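The chain below stands alone, shown as structure tokens; this is the form predicted on its own.
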């Protein structure tokens, strides 16, 4: 076993690139958004559904720091509460995608043979069909729409892509000397998968997970803009941007602040994923 550990150490880079202060700033921003989404009910926020008709399309002020919308609802409060939908869809969908696609990708790359051929062919057929079109088609007919339905549809649509990434990453590790040595010494498949393969493909998986969450949140915003996300008056970043179209000239703040919140969250996720990939010296594997 000592020889296996020494061989594994040889495969890993000795010096890792520093994460840097901007990385931790992005982590803090993501954590702040998640904190707000979880504890919005106990934070001193105004009711996101309360319609104050004496303060319609009001600009930023001390009482409404982001202003109000066209029916007097507080924009800041709706952004904080709206983060619940966007973040839940992003994280929930990728949990489903990774929960199904990652184990299948690892098993297919490790076992190879007919199992790998059949499963990979099936996944590539699914990848050939645009996932966004399938998502729009399903959500158009599956009404009434809810956060759970959106998470389920997008999560299942992401399975083939997750499978492809994890399978490719596993293939690059499965032929390493320490994995072959473990097989020769009679290690069980479960131990090889969990102790040898999983830790070495985890950096790729985590990096892709974060980028995937950002992509799904952007997709939810697109669906909301098409009227296919959660129904109003439930706020989300996407449907707030969609609602601003009719009053954009009178109240540009209704579009600016939700768009800024969405943009900063997505940029932070992408930067964290990219920095982690550089930190662990992860490169894309081409087959």
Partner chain sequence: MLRYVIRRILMLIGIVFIISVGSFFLIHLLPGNITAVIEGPGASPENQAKLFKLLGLNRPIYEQYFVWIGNILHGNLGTSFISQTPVVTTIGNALPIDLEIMFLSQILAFAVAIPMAMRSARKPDGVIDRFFSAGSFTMLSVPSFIVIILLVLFVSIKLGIPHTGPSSYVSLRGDWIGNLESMALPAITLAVGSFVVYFRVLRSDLIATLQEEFITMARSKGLSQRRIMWRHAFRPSSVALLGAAGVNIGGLLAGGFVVQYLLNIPGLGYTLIAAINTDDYLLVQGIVLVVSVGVVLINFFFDFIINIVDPRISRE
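Numbering follows the first chain given and starts at 1. Just so it is clear, the structure is predicted and the values come from calculations on it, not from any experiment.
What comes next is about the form predicted together with its partner chain, which does not appear here.
Remark: residue 67 does not count among the residues lining its partner chain in the predicted bound form, judged by a heavy atom distance of 4.5 Å or less. In the predicted bound form, at least one heavy atom of residue 245 sits within 4.5 Å of a heavy atom of its partner chain. A residue is said to contact a partner when one of its heavy atoms sits within 4.5 Å of a partner heavy atom; residue 267 meets this definition for its partner chain in the predicted bound form.
Though the partner is left out of this view, residue 99 does not reach within 4.5 Å of its partner chain in the predicted bound form, counting heavy atoms only. A heavy atom within 4.5 Å of its partner chain in the predicted bound form is found for one listed residue only; from 259, 234, 51, 46, this is 259. Taking a 4.5 Å heavy atom cutoff to its partner chain in the predicted bound form, the contact residue among 142, 76, 91, 115 is 142.
For the three marked residues, 119, 160 and 175, no heavy atom of any sits within 4.5 Å of its partner chain in the predicted bound form. Residue heavy atoms within 4.5 Å of its partner chain in the predicted bound form occur in exactly one stretch of 104 to 112, 177 to 185, 213 to 221, 191 to 199, and that stretch is 213 to 221.
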